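As a starting point, one isolated chain is supplied in structure tokens, in the form predicted on its own.
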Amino acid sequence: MTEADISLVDWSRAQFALTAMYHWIFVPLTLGLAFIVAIMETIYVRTGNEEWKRLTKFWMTLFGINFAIGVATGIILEFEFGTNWSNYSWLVGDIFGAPLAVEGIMAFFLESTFIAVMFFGWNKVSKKFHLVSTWLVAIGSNLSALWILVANGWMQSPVGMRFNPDTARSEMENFWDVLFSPVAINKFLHTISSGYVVGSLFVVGISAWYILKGRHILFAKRSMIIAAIFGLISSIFIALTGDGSAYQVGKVQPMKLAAMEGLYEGEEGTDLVVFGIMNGGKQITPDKEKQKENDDYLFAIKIPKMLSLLTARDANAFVPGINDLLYGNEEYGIESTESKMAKGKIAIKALYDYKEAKKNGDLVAAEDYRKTLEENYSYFGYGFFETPEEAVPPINLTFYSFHIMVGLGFFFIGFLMLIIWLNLKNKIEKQKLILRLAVPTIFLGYLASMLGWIVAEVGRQPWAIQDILPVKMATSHISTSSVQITFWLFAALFTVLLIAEVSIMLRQIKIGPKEGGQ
């Protein structure tokens, strides 16, 4: 078995995380603004009111600035699969590459075809055709997200595939199983909804700034009410899809769920932690007595039995904790990680023996080894572990990221309800404190969205593909120094791009919407 270069793994992870997080600064605003702009233009076409055209063109300009820079980071992100993660790409490229190819063929070309009409087609095509183009750009942006999130969902829960021992590659058996995987569908709906909320808070915050400055009051109030309604609906939908996501995580990634809740010892009728401070002295240990010495939390507000209800649809169901999943729990039929490691090593050896037998022309032995491999393949990735504790993700980061994200989500629901009510009562201009709060809330939207990705990706560590391929075995055979150099180059490039976007955005916001919708 090839030993992993941990330094290379860490730098490759850092570079991918850097690229992904910079990319995600641009994506959610694109997803949210696209539909807000389409809604505003729909109102313009239906009413013929030029003020709505002015709203549409202003927010469309900000959408375009963000869209252009977001594309650059997205292209680099996809290239990194080949440069830094070639072992991963070799093993599952036939599956992972399919949705990314569809994304390029369908979504990207849909966006690129109609975005020109959207920006340059005013007064050159009919109002209705221009409106259709705007909606198609919005739909294309979300279709792009669909295929990328389907690929990511497959990494969290690999379905619709079989492993071919002759090529040592995973092959797709059922495209529809991959596309309609419950994990992928929940991930898509939850993620795009978070983008809608980010876009809504962006429009609400900038509109609040205009009202505070006494500029473009009617423009700002109309923009604010559209964005707030769209954002409130999206926030409520996020809560619903979050429930579905937690249910799926409990089924296919129980270790991630345990880390999200900081749950060390499982129990029946498990409480849901609304807010808590984890006990830093709590141990991961096979010693049942030591497991019970300290509480999981120094302080916690809990909803009785709610975690069992959310993850198993049964208020009295047993939810396994970290120690149960690591060291096993015979009472509830939970297999230990050590047992899975043993089966994984059998699978890895069976693959090696199969290839040797085929090479030597011993087809009978090869068939026996193939059957052994298939029987143990679901634990293949565990065979690369040296200790069971490798299966545990960073608990504190996952726990606090999850709970801060959820707390912010409920704050957004209350905040957007208040914004809508104040607008309907025509009192928003007098509420200076609320208007001032709306501006930094833009950044809270980005924070919540980023924390969601931290929960999803940090929480599934150490896996590149759940149960099949650990991250440490997924890297390319390149030097650590080359990854370090490109890490700092990308960090500089992305920072320059971000500064450029923010500068252009601020300049455009200060200029404000053009008069007369021209």
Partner chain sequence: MKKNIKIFFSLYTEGFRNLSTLGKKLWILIFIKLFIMFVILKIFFFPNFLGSKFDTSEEKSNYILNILTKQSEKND
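Residue numbers count along the first chain shown, from 1. Only a predicted model underlies this, so the values are computations on that prediction, with no experimental measurement involved.
Another form, the form predicted together with its partner chain, is not on view; read the next lines as being about it.
In the predicted bound form, its partner chain sits within 4.5 Å of a heavy atom belonging to A500. Proximity of N174 to its partner chain in the predicted bound form falls outside the 4.5 Å heavy atom cutoff. Taking the partner from the other structure, its partner chain in the predicted bound form has a heavy atom within 4.5 Å of a heavy atom of K355. Looking at G121, you'd find a heavy atom of it within 4.5 angstroms of its partner chain in the predicted bound form. Contact check at 4.5 Å (heavy atoms) against its partner chain in the predicted bound form: all three of F79, T113 and L469 pass.
Of the residues I217, I139, A72, I413, just one reaches its partner chain in the predicted bound form with a heavy atom at 4.5 Å or closer; this is A72. Of the residues given (K302, K349, K127, K221), K349 alone sits with a heavy atom within 4.5 Å of its partner chain in the predicted bound form.
Residues placing heavy atoms within 4.5 Å of its partner chain in the predicted bound form fall in a single listed stretch, namely 473 to 481, out of 31 to 39, 459 to 467, 473 to 481, 44 to 52. Annotation for 13 to 32: the only interface residue with its partner chain in the predicted bound form is Q15 [heavy atom within 4.5 Å].
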